[in-house]
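Before any questions on how it binds or moves, here is one chain, the form predicted on its own, in C-alpha cells.
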C-alpha cells in the first residue's frame, strides 16, 4: 500500500529543507530574479543538505539509497522557496542520478566521487531541444558511431549551468538503431558550442544555455552504461516525477500566500477571504495542490518499487502542469492589482509556473 506518512528520516529532511526554503531562499528570491544571479552561498547551503550523496553507492562514499519518494518530498520543499534556486541545487543530480543507476563500474568510480564534495559538483545534462514540436521520444540530436568514437550533432536548449559544467550528459538518438542514449561530454570537447545565456520569461535566476554540437566526437566508452546503455524511459519518468513535485511546491507556495493575504486584506470591514468568490477560488487552489501531490507520490512510489511508472509519471506531470498554472494565476487574481507588481512574489510564481509544460529534462529524482 502507498503510505502517506513520511519516515522519521524523511520528515527530518523535509523540516530541514523547509527551514532553508523559508529562511534562506525566499529572502533572496526576488533579488535573484531581478538580477539574474543566485547568491553562491544560498546554493552552497542547499547542496550541503546532502540530497545527491544519498544516491551514491556506499562503496564510493555515499549512502547508497536512491528514493524517488524522498526526492519528491525534497523537490516540493525546495520549489516552495523558489524554483530557480531549487533547479540550481538539483542540477548536478541530472548527471549523478543516471550515472548511479546505469553507469558502468568504471564510469561510476571515475565520476561519482565528485558529488561527495562540499561544493556543488559542476555537472549537468542536456535533453530539451528548441522548437514547438520537441518530442523527448524523438530527439533530433543524433549520435553516429565511428570506430571507437561517437559523433554528436544537434542543438540542445535550456541546459542549466552549462557554462560552468566540467561534464554534461547529452541525450541523443542513435542514427542507426534509433535508440536514445546518453553520452558524457567533457568541457573543451571540439565541436561543442555554448551560446549566450537564454533570456526566459521564468527561471530568470537560473543560467540556462543553448548548446550546439557540430560533429562533436567523444570516445565510445563515454556512452552511459557502455555497450549495455541505459533505460531512457525510466530516466524520463524520474524527470517527469521531479518536475511534478517542483510544480506542487510552486503551486503550494502561491496558494498559501494568497490564502494568508486574503485573511489579512479587508474590504468593507471584513477580510476578502470571507467573500464567496475568493473563498471558492482558495478552496479550488488547495484541491489542485493536494491532487497533484498525491498523483506525484503515487508515481514516485511505483518508481521505488521498480515497477513501470510510465503512465503514472506522465499523468502526474500533465496534471501538475495545469495545477501550478491554475494556482499561480489564481493567486495573482486574489491579490488584485498588487498581484501585477513585481515586488510581490505571485507574479514571479506565475511566470515560473507557466513554463512547466516546457521544462522536460530540467530535474530528476
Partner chain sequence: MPIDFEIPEHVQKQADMARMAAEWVMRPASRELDENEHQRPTAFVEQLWPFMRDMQKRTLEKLTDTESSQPDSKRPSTTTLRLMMMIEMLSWGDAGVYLCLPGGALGGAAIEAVGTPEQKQKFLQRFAEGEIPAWGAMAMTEPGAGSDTSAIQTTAVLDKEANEWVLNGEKIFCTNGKLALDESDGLVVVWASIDRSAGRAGMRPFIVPAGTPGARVTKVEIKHGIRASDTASIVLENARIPADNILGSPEVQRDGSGFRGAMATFDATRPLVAASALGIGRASLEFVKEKLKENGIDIPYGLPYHKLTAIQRDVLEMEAQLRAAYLLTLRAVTLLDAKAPNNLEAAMCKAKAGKVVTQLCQKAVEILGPTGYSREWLVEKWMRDAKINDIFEGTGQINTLVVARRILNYSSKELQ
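Keep in mind the model is a prediction, meaning the values are calculated, not measured. Numbering follows the first chain given and starts at 1.
Although it is not shown, the form predicted together with its partner chain is what the next lines describe.
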Quick one: does residue 129 come within 4.5 Å of its partner chain in the model of the complex, counting heavy atoms only?
no
Check residue 69 for me: does it contact its partner chain in the model of the complex (non-hydrogen atoms, 4.5 angstroms)?
yes
Within a 4.5 Å heavy atom cut-off, is residue 101 in contact with its partner chain in the model of the complex?
no
Contact flag, residue 199 vs its partner chain in the model of the complex, heavy atom cut 4.5 Å
no
Is it true that 29, 43 and 54 each have at least one non-hydrogen atom within 4.5 Å of its partner chain in the model of the complex?
no
Can you say which of 275-283, 105-113, 176-184, 245-253 gets within 4.5 Å of its partner chain in the model of the complex, counting heavy atoms only?
275-283
The one residue among 163, 291, 157, 167 placing a heavy atom within 4.5 Å of its partner chain in the model of the complex is 291
Picking from 220, 193, 228, 287, the single residue whose non-hydrogen atoms come within 4.5 angstroms of its partner chain in the model of the complex is 287
Which residues within 95-129 place at least one heavy atom within 4.5 Å of its partner chain in the model of the complex?
none
